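Look below for two forms of one protein chain, each set out as structure tokens: first structure 1, then structure 2.
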Structure 1
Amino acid sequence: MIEVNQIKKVYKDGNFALKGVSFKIDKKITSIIGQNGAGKTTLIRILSTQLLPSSGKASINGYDVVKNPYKVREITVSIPQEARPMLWYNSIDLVRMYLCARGMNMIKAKPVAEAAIKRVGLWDSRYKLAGDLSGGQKRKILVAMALASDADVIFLDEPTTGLDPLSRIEVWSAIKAIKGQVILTTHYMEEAQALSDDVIMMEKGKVISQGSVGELLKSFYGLVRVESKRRIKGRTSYKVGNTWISYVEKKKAESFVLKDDIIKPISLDDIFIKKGVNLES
């Protein structure tokens, strides 16, 4: 169980990264979504004891992240956003070294690392240096570290950013294989939908919604999204870039659209759109 209570983070330059964030997480996989600068990474860094909050409290399985960082580190794993495996080692050695950092001796670490490398599908490339692997395979080494650690809580900060669609699916299946509770940040809404039991939506340092994908999309039940170059009469429309977005009933959609309009199924993007958040994608 992760409890976050009024966490604030103000950087030395006066920039507010988190403006009083509170939530509880007890589901298997939780995604924290939001655009760049929403505060996702800052939050993960605070929860994984890399960064001190300016105020507020947060605990993981009852251990305070400020007062008990060593205990928190024992039960959690954090894979930072831009972490890359060192290119001059093979995948098994990288996972072994990580397990040693967690306190396991290198002899015991070997079979555990091998099992994790098998589970993420890197067994055939196990003796290749990380520098000779693809971007997806490198990310999988990091996921293998999380898998091998057998920690209670795993933080993955944007685990699939920059990966091609196939590699993303491969990393997703590796994430699903993790035993512990997973908290991941992403700005890919389909990733959050595909993986999460619970979703926390953040915007400008605040939590704007929390719930399962179904709960969050409840208000869109029976609707589809229409993307158009014009405003649809009689409907509330939201302007995102040069596109007007409106929500219409699935059955009536055909009667609203013109030749160039696009009809799309509802996704988590739509919650941000309705809340007036300008998305990048």
Structure 2
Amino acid sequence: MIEVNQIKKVYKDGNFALKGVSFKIDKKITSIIGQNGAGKTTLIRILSTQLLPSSGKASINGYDVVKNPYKVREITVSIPQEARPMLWYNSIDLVRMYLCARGMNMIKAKPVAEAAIKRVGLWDSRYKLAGDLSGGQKRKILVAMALASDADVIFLDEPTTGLDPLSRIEVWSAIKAIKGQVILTTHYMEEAQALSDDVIMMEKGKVISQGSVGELLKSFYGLVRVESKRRIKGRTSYKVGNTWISYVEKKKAESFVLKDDIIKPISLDDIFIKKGVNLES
């Protein structure tokens, strides 16, 4: 259980990164989504004891993140977006060293590291130095560290950045196999939709909604998204670049669509479309 109560973070220049964030998380996998600057990474850094809040309280499995930081670190793992593996070791050695740093002995750490490397699809490259791997493969090593840790709570900040579609699916599978609770931030809405039992949406330092994917998309029930070069009459439309986006009933979609129009199923992207662009009416 993660409990956050009125967490605020204000920097020396007076800018607020978090403006009184509150929520409870007790689901297996929770995604925190939001546009750049929403406060997602700041929140993760506070929960993983890397950054002190300006005010408010947060606890993980009953341990206060400010008063009991060492207890929190014992039961959590955090893989930040900017993390990079050391380039002069291979993937198995890197995961093995990470486990030893967390208190596991070298002998026990080896098979655990090997199992984690297999899970993320790096087995064929296990003896290559990290410096010789692609950016996506380097990212997989970090995910493997989190998998191998067997921590109660794992924070993953943009875990599949730089991965190709196939590698992303491999990492999704590995994330689902994690025994502990997973909290991840992501810009990929299909990732949040594929993985999440719970979704927290943030905007400008505040939580604006929380729920399952189905609950968040309830207002779109029975609709599809139409992308067009023209504005559809009789429908509220949103202009993104040179594209007009409208939402119409599935059964009536064909009557609105012209040759070059595109019909897409509703996804979490649509929440951002409705909140992130100026309404053209």
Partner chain sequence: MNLNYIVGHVVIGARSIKVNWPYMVSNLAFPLSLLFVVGILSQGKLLPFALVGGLLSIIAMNGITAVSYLGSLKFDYIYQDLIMTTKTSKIDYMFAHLLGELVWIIPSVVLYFVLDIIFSILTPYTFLMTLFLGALVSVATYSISFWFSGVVKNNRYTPAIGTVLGLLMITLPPTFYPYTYLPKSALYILTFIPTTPAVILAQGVFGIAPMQWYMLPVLIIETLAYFLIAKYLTKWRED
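All values reported here derive from a predicted model rather than from experimental measurement. Counting starts at 1 with the first residue of structure 1 and goes up one by one along its sequence. In this text, the rigid core denotes the largest set of C-alpha atoms whose superposition between the two forms falls within 1.5 Å.
Undergrad: Structure 1 or structure 2: which matches the form predicted together with the partner chain?
TA: Structure 1 is the one predicted together with the partner chain.
Undergrad: Core superposed first: is there a CA shift of 2 Å or greater at residue 128 between the two structures?
TA: No, its C-alpha moves less than 2 Å.
Undergrad: Taking 2 Å as the cut-off, check whether the CA of residue 194 shifts that much or more between the two structures after a rigid core fit.
TA: No; that C-alpha moves by less than 2 Å between the two structures.
Undergrad: Quick one: once the rigid core is lined up, does residue 87 have its C-alpha move by 2 Å or more between the two structures?
TA: No, the C-alpha position differs by under 2 Å between the two structures.
Undergrad: How many Å does the Cα of residue 107 travel between the two structures when the structures are matched on their rigid core?
TA: C-alpha displacement of residue 107 between the two structures: 3.3 Å.
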